[in-house]
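Take a look at this single chain, the form predicted alone, given in structure tokens.
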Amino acid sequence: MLEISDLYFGYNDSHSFIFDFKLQPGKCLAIKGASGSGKSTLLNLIAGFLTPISGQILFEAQRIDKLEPAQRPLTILFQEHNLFNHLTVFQNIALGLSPSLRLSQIQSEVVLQALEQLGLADMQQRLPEDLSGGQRQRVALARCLVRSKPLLLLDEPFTGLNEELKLDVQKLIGQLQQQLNLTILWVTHDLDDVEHIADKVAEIENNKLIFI
């Protein structure tokens, strides 16, 4: 279970947030909110990129808010795919396992399996500039998955994709959630993006999370 307990953060006196909710294992929570409402702030607090003023973040009954970002049991997919243009598809995915790109045989097999699973097996030697927007986002998703973390944070991952590509990636994420029992926290400005995947829906109103 992901448990956010009285998590308080403020950029200034007039722009502060407090979050308090629980998410069961293997479930997907979609969070809606206007631009600047605090959706990405919440993800950055959970990921460790921002430090809360007070409160706790627990996963599987263990506090993770005191851990460094790399030590937390999660991975995050941003609005931008954040691929390195000078690295191949295989290398971009491999970064999820080894920043030095020095992989063991087992790690190489994990990357190859992810390539196959996400329909990228014949693209492993391509550069990002040779891929479509949907393909680049699948590469970024594959990099998340090879890390084998139980908690997946999605920060409006469909920005810039057309409707057909969005549907393809949505379907893929839904399948991977079932296969890997992922707990997913998904922020979006459009609930149509997650209507077939989300178990619960919430909206950030008046700097607080309100379940719908």
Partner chain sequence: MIYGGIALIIIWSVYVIASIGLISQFEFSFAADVLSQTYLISVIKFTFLQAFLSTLISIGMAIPIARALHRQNFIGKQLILIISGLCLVIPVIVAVLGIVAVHGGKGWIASAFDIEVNYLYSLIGILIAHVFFNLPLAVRVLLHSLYTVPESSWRLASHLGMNSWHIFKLLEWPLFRNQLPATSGLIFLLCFTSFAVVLVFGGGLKYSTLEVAIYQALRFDFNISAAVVLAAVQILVCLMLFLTMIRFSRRFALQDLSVRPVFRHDGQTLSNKLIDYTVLSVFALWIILPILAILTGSITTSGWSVVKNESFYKAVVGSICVSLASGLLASVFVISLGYLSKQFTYSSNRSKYKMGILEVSVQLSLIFPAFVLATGLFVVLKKHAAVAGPIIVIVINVLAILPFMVRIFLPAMLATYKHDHLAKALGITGLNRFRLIDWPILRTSFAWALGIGLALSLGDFSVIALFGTQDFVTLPLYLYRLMGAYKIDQATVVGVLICILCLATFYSCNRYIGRIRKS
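Residue numbers count along the first chain shown, from 1. Bear in mind the structure is a predicted one, so any value in this text is a computation, not a measurement.
Missing here is the form predicted together with the partner chain; even so, the following discussion is about that form.
- The three marked residues, Lys22, Lys39 and Arg63, fail to reach the partner chain in the predicted bound form, with no heavy atom of any inside 4.5 Å.
- Across the options 26-34, 179-187, 43-51, 162-170, residues that bring heavy atoms within 4.5 Å of the partner chain in the predicted bound form belong to 43-51.
- In the predicted bound form, the partner chain stays beyond 4.5 Å of every heavy atom belonging to Leu118.
- Under a 4.5 angstroms non-hydrogen atom cutoff, the partner chain in the predicted bound form lacks Ile106 among its neighbouring residues.
- Residue contact check for Val139: none of its heavy atoms lie within 4.5 Å of the partner chain in the predicted bound form.
- Contact check for Gln113: every heavy atom lies farther than 4.5 Å from the partner chain in the predicted bound form.
- Residues of 99-132 that come within 4.5 Å of the partner chain in the predicted bound form, judged by any heavy atom, are Pro99, Ser100, Leu101, Arg102, Gln125, Leu127, Glu129 in sequence order.
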